[in-house]
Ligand SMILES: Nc1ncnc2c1ncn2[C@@H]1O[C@H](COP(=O)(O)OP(=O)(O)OP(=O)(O)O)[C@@H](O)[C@H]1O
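A lone chain, given as structure tokens: the form predicted alone.
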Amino acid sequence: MIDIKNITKKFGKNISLNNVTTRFNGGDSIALMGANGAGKTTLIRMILGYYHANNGTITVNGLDPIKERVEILKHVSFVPQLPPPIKLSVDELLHFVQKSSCTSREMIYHYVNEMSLDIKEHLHKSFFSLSGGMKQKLLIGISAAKESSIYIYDEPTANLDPRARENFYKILKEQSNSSISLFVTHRIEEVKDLVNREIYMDLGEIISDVKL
């Protein structure tokens, strides 16, 4: 469970989140929508422990995202909109994932193959040198193999071709119904068959929260 109570986050004089309160429970599959600057990414980053709140509290499975971030991230799969500038080789990245989250490399290979990418041919290349689509497919494969209780996807299909998007949605349908899935998206039509809740944000506030 992710419990968000009266969260306010300011960057200088700009208010990115304004007294936001909501709760995500196991089984929730949420489309988080809103214009650029609505506060969606800030909310995600606070759940992941990147930012301190000015006011309010967030707990993830009862834990503090700042103080207990390492423990929380063991149970979270996150696919960002823009792949991070990781300078490890693909092989080194997979080794790190295996050790840090006890994820099977064979399962990563399985899900990356489901994304129509033969990553074994690229093990000695740097992650940074891969194409945008290849990076995204690999990150999706890693997130699926981790079998987390919380999945967060920030515009994950931005670098994917239509076939890869179909493969991605196929993988999502195989995930546990007891997990939390949070999709930051501008394409509600792409995830409408996957979500049971739609949240719309604007100017740092939740404007609507509809259960489907």
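Small disclaimer: the values here were computed from a predicted structure and weren't measured. One-based numbering along the sequence shown.
Form predicted in complex with the named molecule: not shown, discussed below.
In the model of the complex, the residue from Thr42, Ser148, Ser181, Thr157 that sits within 4.5 Å of the named molecule by heavy atoms = Contact residue from the list: Thr42.
ask   = Here the chain is shown alone; which of Ile58, Ala38, Ala31, Ala144 has a heavy atom within 4.5 Å of the named molecule in the model of the complex?
value = Filtering the options by heavy-atom distance leaves Ala38.
Full three-residue contact with the named molecule in the model of the complex, heavy atom 4.5 Å, for Thr22, Tyr50 and Arg197 = Looking in the model of the complex, the three residues Thr22, Tyr50 and Arg197 all stay beyond 4.5 Å of the named molecule (heavy atoms).
ask   = Could you tell me if Gln81 has a non-hydrogen atom within 4.5 Å of the named molecule in the model of the complex?
value = Because a heavy atom of Gln81 falls inside 4.5 Å of the named molecule in the model of the complex, the answer is yes.
query = Would Arg165 sit within 4.5 Å of the named molecule in the model of the complex, counting heavy atoms only?
reply = Output for Arg165 is no: heavy atoms all beyond 4.5 Å of the named molecule.
4.5 Å heavy atom contact, Arg187 and the named molecule in the model of the complex = Contact check for Arg187: no, nothing within 4.5 Å of the named molecule in the model of the complex.
task = Scan 92 to 116 and write down, in order along the chain, each residue with a heavy atom lying within 4.5 Å of the named molecule in the model of the complex.
result = Sequence-ordered list is empty.
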